[in-house]
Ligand SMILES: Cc1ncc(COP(=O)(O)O)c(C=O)c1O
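Quick heads-up: it's one chain on its own, the form predicted on its own, in C-alpha coordinates.
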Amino acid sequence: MSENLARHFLIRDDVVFLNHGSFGACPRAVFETYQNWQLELERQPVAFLDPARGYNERMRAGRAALARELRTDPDNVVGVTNATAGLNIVARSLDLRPGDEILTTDHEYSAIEKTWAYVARRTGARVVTARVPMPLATEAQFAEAVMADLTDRTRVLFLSHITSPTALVFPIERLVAEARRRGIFSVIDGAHTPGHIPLDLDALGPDFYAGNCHKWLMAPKGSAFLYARPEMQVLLDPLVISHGWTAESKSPGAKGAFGNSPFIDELEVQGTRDPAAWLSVPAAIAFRKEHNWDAVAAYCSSLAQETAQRLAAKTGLPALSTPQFCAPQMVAMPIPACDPLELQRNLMARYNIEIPVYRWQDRTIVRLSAQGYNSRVQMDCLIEALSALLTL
(Lines give C-alpha, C1' and ligand atoms only; values in the text may rest on other atoms or scores of the structure.)
Protein backbone atom coordinates (compact mmCIF):
# COMPACT_ATOMS: atom_id res chain seq x y z
CA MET A 1 0.00 0.00 0.00
CA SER A 2 1.56 3.28 -1.11
CA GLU A 3 -0.12 5.54 1.46
CA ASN A 4 -2.02 5.38 4.70
CA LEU A 5 -5.66 6.20 3.98
CA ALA A 6 -6.59 7.72 7.35
CA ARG A 7 -7.27 11.12 5.77
CA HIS A 8 -10.11 9.55 3.78
CA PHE A 9 -11.96 8.45 6.91
CA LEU A 10 -13.81 10.19 9.73
CA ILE A 11 -12.20 8.21 12.57
CA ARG A 12 -11.03 10.51 15.38
CA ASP A 13 -7.30 11.26 15.35
CA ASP A 14 -6.99 10.70 19.11
CA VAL A 15 -8.31 7.11 18.93
CA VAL A 16 -6.31 4.07 17.84
CA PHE A 17 -9.27 2.39 16.14
CA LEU A 18 -8.59 -1.33 15.78
CA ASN A 19 -12.20 -2.47 15.75
CA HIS A 20 -13.34 -2.14 12.16
CA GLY A 21 -14.93 -5.58 12.39
CA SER A 22 -17.69 -4.46 14.76
CA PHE A 23 -19.36 -1.63 12.86
CA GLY A 24 -16.92 -0.75 10.09
CA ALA A 25 -15.91 2.80 9.21
CA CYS A 26 -17.27 4.75 6.27
CA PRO A 27 -14.91 6.76 4.00
CA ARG A 28 -15.51 10.48 3.94
CA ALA A 29 -16.51 10.51 0.25
CA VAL A 30 -19.01 7.69 0.76
CA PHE A 31 -20.46 9.41 3.81
CA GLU A 32 -20.95 12.57 1.77
CA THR A 33 -22.86 10.55 -0.83
CA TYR A 34 -24.99 9.16 2.01
CA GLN A 35 -25.76 12.67 3.27
CA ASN A 36 -26.61 13.84 -0.23
CA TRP A 37 -29.17 11.04 -0.55
CA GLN A 38 -30.65 12.07 2.79
CA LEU A 39 -30.90 15.67 1.63
CA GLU A 40 -32.65 14.60 -1.56
CA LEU A 41 -35.10 12.57 0.52
CA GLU A 42 -35.90 15.53 2.78
CA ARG A 43 -36.33 17.99 -0.08
CA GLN A 44 -39.19 15.99 -1.63
CA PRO A 45 -39.94 12.94 0.54
CA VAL A 46 -43.18 11.99 -1.20
CA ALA A 47 -41.57 11.80 -4.63
CA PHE A 48 -38.43 10.13 -3.27
CA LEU A 49 -40.29 7.28 -1.56
CA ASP A 50 -42.92 6.72 -4.26
CA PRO A 51 -42.20 3.46 -6.16
CA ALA A 52 -43.81 4.98 -9.27
CA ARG A 53 -41.63 8.11 -9.17
CA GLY A 54 -38.10 6.73 -9.13
CA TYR A 55 -37.80 4.78 -5.86
CA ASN A 56 -37.90 1.44 -7.69
CA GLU A 57 -35.14 2.50 -10.08
CA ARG A 58 -32.90 3.87 -7.32
CA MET A 59 -33.22 0.71 -5.23
CA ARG A 60 -32.65 -1.46 -8.29
CA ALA A 61 -29.42 0.42 -9.07
CA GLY A 62 -28.11 -0.42 -5.61
CA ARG A 63 -29.01 -4.07 -6.04
CA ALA A 64 -27.34 -4.20 -9.46
CA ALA A 65 -24.06 -2.71 -8.22
CA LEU A 66 -23.91 -5.04 -5.24
CA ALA A 67 -24.99 -8.10 -7.25
CA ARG A 68 -21.99 -7.63 -9.56
CA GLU A 69 -19.72 -7.84 -6.52
CA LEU A 70 -21.56 -10.90 -5.21
CA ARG A 71 -21.64 -12.65 -8.62
CA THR A 72 -25.38 -13.12 -8.76
CA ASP A 73 -28.48 -11.64 -10.36
CA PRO A 74 -29.88 -8.39 -8.88
CA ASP A 75 -33.24 -10.11 -8.37
CA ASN A 76 -31.62 -12.53 -5.92
CA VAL A 77 -30.60 -9.85 -3.40
CA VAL A 78 -32.60 -7.32 -1.44
CA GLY A 79 -31.51 -4.56 0.92
CA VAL A 80 -32.01 -4.99 4.68
CA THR A 81 -30.70 -2.95 7.61
CA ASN A 82 -28.17 -5.53 8.84
CA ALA A 83 -27.30 -9.20 8.50
CA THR A 84 -29.14 -10.05 11.72
CA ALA A 85 -32.37 -8.68 10.23
CA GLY A 86 -31.86 -10.72 7.07
CA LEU A 87 -31.20 -13.92 8.99
CA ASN A 88 -34.27 -13.31 11.16
CA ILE A 89 -36.40 -13.15 8.01
CA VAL A 90 -35.13 -16.59 7.03
CA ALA A 91 -35.20 -18.20 10.46
CA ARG A 92 -38.75 -17.08 11.17
CA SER A 93 -40.04 -18.05 7.71
CA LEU A 94 -38.95 -21.68 7.56
CA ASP A 95 -41.64 -24.22 8.37
CA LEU A 96 -39.98 -26.07 11.24
CA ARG A 97 -41.78 -28.68 13.33
CA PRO A 98 -41.21 -30.40 16.68
CA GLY A 99 -38.21 -32.72 16.43
CA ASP A 100 -36.61 -30.92 13.49
CA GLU A 101 -32.94 -30.06 14.00
CA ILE A 102 -31.03 -26.85 13.27
CA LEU A 103 -27.35 -27.76 12.96
CA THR A 104 -24.81 -25.04 13.68
CA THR A 105 -21.35 -24.65 15.25
CA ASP A 106 -19.87 -23.35 18.48
CA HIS A 107 -18.38 -20.31 16.66
CA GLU A 108 -21.57 -18.41 15.86
CA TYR A 109 -22.53 -14.83 16.60
CA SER A 110 -24.45 -14.56 19.87
CA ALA A 111 -27.36 -12.53 18.43
CA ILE A 112 -28.08 -15.27 15.88
CA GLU A 113 -27.68 -18.00 18.47
CA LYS A 114 -30.53 -16.22 20.27
CA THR A 115 -32.52 -16.05 17.02
CA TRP A 116 -32.36 -19.82 16.56
CA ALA A 117 -33.09 -20.41 20.27
CA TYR A 118 -36.22 -18.26 19.88
CA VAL A 119 -37.28 -20.16 16.74
CA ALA A 120 -36.68 -23.48 18.47
CA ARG A 121 -38.83 -22.45 21.41
CA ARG A 122 -41.65 -21.34 19.11
CA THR A 123 -41.59 -24.38 16.81
CA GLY A 124 -40.38 -27.26 18.96
CA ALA A 125 -37.30 -27.69 16.79
CA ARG A 126 -33.93 -28.36 18.42
CA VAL A 127 -30.60 -26.58 17.98
CA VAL A 128 -27.65 -28.96 17.59
CA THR A 129 -24.20 -27.41 18.04
CA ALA A 130 -21.24 -29.08 16.37
CA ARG A 131 -17.93 -28.53 18.11
CA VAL A 132 -15.22 -27.50 15.64
CA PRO A 133 -11.80 -28.90 16.67
CA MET A 134 -9.19 -26.26 17.40
CA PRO A 135 -6.80 -25.22 16.06
CA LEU A 136 -8.51 -25.39 12.69
CA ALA A 137 -5.96 -26.85 10.29
CA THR A 138 -7.75 -28.50 7.34
CA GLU A 139 -10.99 -28.27 5.39
CA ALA A 140 -11.61 -31.97 6.02
CA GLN A 141 -11.30 -31.46 9.78
CA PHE A 142 -14.02 -28.81 9.65
CA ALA A 143 -16.37 -30.62 7.28
CA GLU A 144 -16.13 -33.92 9.13
CA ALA A 145 -16.79 -32.28 12.51
CA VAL A 146 -20.01 -30.70 11.25
CA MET A 147 -21.20 -33.64 9.15
CA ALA A 148 -20.82 -35.94 12.16
CA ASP A 149 -23.88 -34.21 13.62
CA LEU A 150 -26.04 -34.38 10.47
CA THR A 151 -29.03 -36.69 11.00
CA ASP A 152 -32.25 -37.52 9.19
CA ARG A 153 -33.88 -34.87 11.39
CA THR A 154 -31.59 -32.04 10.25
CA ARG A 155 -33.69 -29.45 8.43
CA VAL A 156 -31.38 -26.42 8.60
CA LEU A 157 -27.60 -26.06 8.32
CA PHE A 158 -26.57 -22.69 9.71
CA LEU A 159 -22.94 -21.58 9.41
CA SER A 160 -20.92 -18.42 9.58
CA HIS A 161 -18.73 -17.77 6.55
CA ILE A 162 -16.35 -15.63 8.61
CA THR A 163 -16.84 -16.16 12.34
CA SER A 164 -17.28 -13.19 14.66
CA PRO A 165 -15.74 -14.51 17.92
CA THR A 166 -12.82 -16.38 16.33
CA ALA A 167 -12.24 -14.46 13.05
CA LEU A 168 -11.96 -17.66 11.02
CA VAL A 169 -12.94 -18.23 7.40
CA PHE A 170 -14.93 -21.43 7.47
CA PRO A 171 -14.50 -23.59 4.33
CA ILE A 172 -18.24 -24.03 3.84
CA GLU A 173 -18.38 -25.10 0.19
CA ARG A 174 -18.53 -28.86 0.74
CA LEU A 175 -21.12 -28.53 3.50
CA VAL A 176 -23.37 -26.27 1.43
CA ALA A 177 -23.26 -28.82 -1.40
CA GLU A 178 -23.97 -31.67 1.01
CA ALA A 179 -26.95 -29.82 2.45
CA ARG A 180 -28.35 -29.33 -1.06
CA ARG A 181 -27.88 -33.04 -1.81
CA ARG A 182 -29.77 -34.02 1.35
CA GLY A 183 -32.58 -31.47 0.95
CA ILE A 184 -31.44 -29.47 4.00
CA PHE A 185 -31.82 -25.68 4.02
CA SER A 186 -28.42 -23.97 4.03
CA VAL A 187 -28.43 -20.58 5.79
CA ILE A 188 -25.17 -18.65 5.86
CA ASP A 189 -24.20 -15.73 8.09
CA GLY A 190 -21.91 -13.63 5.90
CA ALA A 191 -21.86 -10.55 8.16
CA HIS A 192 -18.08 -10.12 7.77
CA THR A 193 -17.71 -11.41 4.21
CA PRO A 194 -18.61 -8.70 1.63
CA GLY A 195 -15.52 -6.64 0.90
CA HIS A 196 -13.37 -8.94 3.05
CA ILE A 197 -12.97 -12.05 0.89
CA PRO A 198 -14.14 -12.70 -2.69
CA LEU A 199 -17.71 -13.93 -2.83
CA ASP A 200 -19.46 -15.78 -5.66
CA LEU A 201 -22.94 -16.58 -4.41
CA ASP A 202 -24.14 -18.42 -7.50
CA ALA A 203 -21.09 -20.70 -7.42
CA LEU A 204 -21.35 -21.26 -3.66
CA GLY A 205 -25.05 -22.02 -3.98
CA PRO A 206 -26.49 -21.52 -0.48
CA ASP A 207 -30.24 -21.35 -0.12
CA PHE A 208 -29.98 -18.15 1.92
CA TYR A 209 -27.09 -15.79 2.67
CA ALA A 210 -27.07 -12.51 4.60
CA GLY A 211 -24.17 -10.06 4.65
CA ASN A 212 -23.36 -6.57 5.87
CA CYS A 213 -22.25 -3.79 3.56
CA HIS A 214 -21.38 -1.46 6.45
CA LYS A 215 -18.42 -3.52 7.65
CA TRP A 216 -15.66 -4.41 5.17
CA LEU A 217 -17.42 -3.00 2.13
CA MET A 218 -17.42 0.34 4.05
CA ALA A 219 -20.92 1.53 3.16
CA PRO A 220 -22.87 3.52 5.79
CA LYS A 221 -24.50 1.81 8.75
CA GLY A 222 -27.90 0.38 7.91
CA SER A 223 -26.84 -1.23 4.62
CA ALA A 224 -26.90 -5.00 4.30
CA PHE A 225 -28.41 -7.64 2.03
CA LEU A 226 -30.32 -10.87 2.03
CA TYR A 227 -29.71 -13.32 -0.82
CA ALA A 228 -32.09 -16.15 -1.64
CA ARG A 229 -31.86 -18.64 -4.48
CA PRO A 230 -34.78 -18.01 -6.88
CA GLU A 231 -36.60 -21.23 -6.01
CA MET A 232 -36.30 -20.43 -2.27
CA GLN A 233 -37.63 -16.88 -2.38
CA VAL A 234 -41.27 -17.95 -2.22
CA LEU A 235 -40.62 -19.48 1.22
CA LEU A 236 -39.80 -16.13 2.80
CA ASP A 237 -42.25 -13.94 4.66
CA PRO A 238 -41.45 -10.33 5.56
CA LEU A 239 -41.14 -9.47 9.23
CA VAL A 240 -43.27 -6.39 8.52
CA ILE A 241 -46.40 -6.61 6.37
CA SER A 242 -46.81 -3.34 4.49
CA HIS A 243 -47.44 -1.86 1.04
CA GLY A 244 -45.16 -4.33 -0.76
CA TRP A 245 -47.24 -7.37 0.23
CA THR A 246 -49.95 -8.95 -1.92
CA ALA A 247 -52.33 -11.81 -1.14
CA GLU A 248 -51.10 -13.62 -4.27
CA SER A 249 -47.42 -13.49 -3.32
CA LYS A 250 -47.12 -17.27 -2.91
CA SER A 251 -48.74 -18.08 -6.27
CA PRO A 252 -46.46 -19.38 -9.06
CA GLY A 253 -45.08 -16.48 -11.11
CA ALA A 254 -46.66 -13.87 -8.83
CA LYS A 255 -45.54 -10.26 -9.03
CA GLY A 256 -45.09 -7.98 -6.07
CA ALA A 257 -47.21 -4.93 -5.47
CA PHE A 258 -44.85 -2.69 -7.46
CA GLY A 259 -43.83 -4.91 -10.33
CA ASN A 260 -40.80 -6.66 -8.88
CA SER A 261 -40.86 -10.15 -7.41
CA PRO A 262 -42.66 -10.53 -4.06
CA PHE A 263 -39.23 -11.19 -2.52
CA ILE A 264 -38.08 -7.70 -3.55
CA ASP A 265 -41.29 -5.71 -3.06
CA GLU A 266 -42.28 -7.24 0.28
CA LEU A 267 -38.88 -6.51 1.83
CA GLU A 268 -38.10 -3.19 0.11
CA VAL A 269 -41.42 -1.39 0.49
CA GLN A 270 -42.28 -1.40 4.19
CA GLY A 271 -43.65 2.03 4.97
CA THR A 272 -41.50 5.06 5.70
CA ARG A 273 -37.79 4.30 5.68
CA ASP A 274 -34.54 6.11 4.97
CA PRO A 275 -32.86 4.13 2.17
CA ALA A 276 -29.83 6.47 1.98
CA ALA A 277 -27.37 3.91 3.41
CA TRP A 278 -28.43 1.29 0.86
CA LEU A 279 -28.30 3.80 -2.00
CA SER A 280 -24.69 4.63 -1.02
CA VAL A 281 -23.44 1.08 -1.55
CA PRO A 282 -22.37 1.83 -5.18
CA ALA A 283 -20.28 4.74 -3.88
CA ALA A 284 -18.52 2.42 -1.42
CA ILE A 285 -17.76 -0.04 -4.22
CA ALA A 286 -16.43 2.81 -6.37
CA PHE A 287 -14.22 4.07 -3.52
CA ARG A 288 -12.60 0.67 -3.18
CA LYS A 289 -11.86 0.49 -6.90
CA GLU A 290 -10.46 4.04 -6.95
CA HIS A 291 -8.02 3.15 -4.17
CA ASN A 292 -6.89 -0.25 -5.48
CA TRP A 293 -8.40 -2.09 -2.56
CA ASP A 294 -6.81 -5.42 -3.37
CA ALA A 295 -3.44 -3.87 -2.55
CA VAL A 296 -4.84 -2.17 0.56
CA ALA A 297 -6.36 -5.44 1.79
CA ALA A 298 -3.12 -7.33 1.20
CA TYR A 299 -1.19 -4.77 3.26
CA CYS A 300 -3.77 -4.88 6.05
CA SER A 301 -3.68 -8.66 6.08
CA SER A 302 0.09 -8.69 6.51
CA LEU A 303 -0.21 -6.06 9.26
CA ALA A 304 -2.81 -8.10 11.15
CA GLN A 305 -0.97 -11.41 10.84
CA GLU A 306 2.38 -9.88 11.78
CA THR A 307 0.85 -8.30 14.89
CA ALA A 308 -0.77 -11.60 15.89
CA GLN A 309 2.58 -13.37 15.55
CA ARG A 310 4.32 -10.71 17.65
CA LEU A 311 1.75 -11.09 20.42
CA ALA A 312 1.88 -14.89 20.27
CA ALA A 313 5.65 -14.74 20.70
CA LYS A 314 5.09 -12.81 23.94
CA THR A 315 2.21 -14.90 25.33
CA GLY A 316 3.36 -18.31 24.12
CA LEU A 317 -0.27 -19.11 23.30
CA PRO A 318 -1.08 -20.98 20.05
CA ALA A 319 -3.14 -19.45 17.25
CA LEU A 320 -6.74 -20.57 16.74
CA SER A 321 -6.00 -21.82 13.22
CA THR A 322 -3.42 -22.07 10.51
CA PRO A 323 -3.11 -18.87 8.42
CA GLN A 324 -5.18 -20.52 5.67
CA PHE A 325 -8.38 -20.19 7.71
CA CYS A 326 -7.75 -16.84 9.37
CA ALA A 327 -9.83 -13.90 8.13
CA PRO A 328 -7.46 -11.73 6.05
CA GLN A 329 -7.93 -8.43 7.90
CA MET A 330 -9.22 -9.65 11.25
CA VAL A 331 -7.54 -11.96 13.72
CA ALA A 332 -8.64 -13.31 17.11
CA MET A 333 -5.55 -13.31 19.33
CA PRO A 334 -5.57 -15.47 22.49
CA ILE A 335 -4.16 -13.79 25.60
CA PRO A 336 -3.61 -15.00 29.19
CA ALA A 337 -6.74 -15.27 31.33
CA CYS A 338 -7.87 -11.93 32.71
CA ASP A 339 -10.97 -9.82 33.22
CA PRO A 340 -11.79 -8.95 29.58
CA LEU A 341 -13.99 -5.94 30.36
CA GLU A 342 -11.36 -4.50 32.68
CA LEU A 343 -8.65 -4.94 30.03
CA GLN A 344 -10.84 -3.39 27.35
CA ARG A 345 -11.58 -0.40 29.59
CA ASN A 346 -7.90 0.10 30.40
CA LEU A 347 -6.86 -0.10 26.76
CA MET A 348 -9.26 2.73 26.02
CA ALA A 349 -8.73 4.80 29.17
CA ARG A 350 -4.94 4.62 29.26
CA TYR A 351 -3.95 4.13 25.61
CA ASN A 352 -6.97 5.33 23.57
CA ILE A 353 -7.13 1.93 21.88
CA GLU A 354 -10.58 0.81 20.71
CA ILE A 355 -10.53 -2.98 20.40
CA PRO A 356 -12.84 -5.80 21.61
CA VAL A 357 -11.72 -8.14 24.40
CA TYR A 358 -13.95 -11.06 25.45
CA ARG A 359 -14.18 -14.62 26.66
CA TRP A 360 -14.88 -17.35 24.14
CA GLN A 361 -15.22 -20.85 25.57
CA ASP A 362 -12.13 -21.25 27.78
CA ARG A 363 -10.08 -18.55 26.05
CA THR A 364 -9.64 -14.82 26.50
CA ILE A 365 -9.39 -13.10 23.13
CA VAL A 366 -8.38 -9.72 21.75
CA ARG A 367 -9.81 -9.36 18.23
CA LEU A 368 -7.74 -7.13 15.99
CA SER A 369 -9.06 -5.59 12.77
CA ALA A 370 -6.68 -3.91 10.31
CA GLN A 371 -8.06 -1.45 7.77
CA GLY A 372 -6.57 1.07 5.38
CA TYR A 373 -6.54 3.82 8.00
CA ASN A 374 -4.40 1.73 10.41
CA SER A 375 -0.61 1.79 10.60
CA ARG A 376 2.31 -0.21 11.93
CA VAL A 377 2.83 2.48 14.59
CA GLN A 378 -0.67 1.72 15.89
CA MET A 379 0.13 -1.98 16.00
CA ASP A 380 3.27 -1.17 18.00
CA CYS A 381 1.09 0.79 20.40
CA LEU A 382 -1.22 -2.21 20.86
CA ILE A 383 1.65 -4.61 21.53
CA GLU A 384 3.19 -2.20 24.06
CA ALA A 385 -0.16 -1.64 25.80
CA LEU A 386 -0.96 -5.35 26.08
CA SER A 387 2.56 -6.12 27.25
CA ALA A 388 2.21 -3.54 30.03
CA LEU A 389 -1.32 -4.38 31.10
CA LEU A 390 -0.79 -8.15 31.01
CA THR A 391 2.82 -7.95 32.29
CA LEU A 392 4.08 -10.00 29.35
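For every residue, the number given is its place in the sequence shown, counted from 1. Worth saying up front: this structure is predicted, and the values here are computed from it rather than measured.
There is also a form predicted together with the named molecule; it is not shown, and the following applies to it.
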property	result
Touches the named molecule in the model of the complex: residue 84 (any heavy atom, 4.5 Å)	yes
Close approach of residue 285 to the named molecule in the model of the complex, 4.5 Å, heavy atom	no
is_contact(residue 191, the named molecule) in the model of the complex, heavy atom dist at most 4.5 Å	yes
The named molecule contact in the model of the complex: residue 162, any heavy atom under 4.5 Å	yes
Among the candidates 212, 280, 321, 166, the residue which, in the model of the complex, approaches the named molecule to within 4.5 Å (heavy atoms)	212
Contact residue in the model of the complex, from 176, 112, 130, 308 (heavy atom within 4.5 Å of the named molecule)	112
Stretch in contact, per heavy atom within 4.5 angstroms of the named molecule in the model of the complex, of 149 to 157, 296 to 304, 214 to 222, 115 to 123	214 to 222
Within 4.5 Å of the named molecule in the model of the complex: residues from 20 to 41 (heavy atom criterion)	21, 22
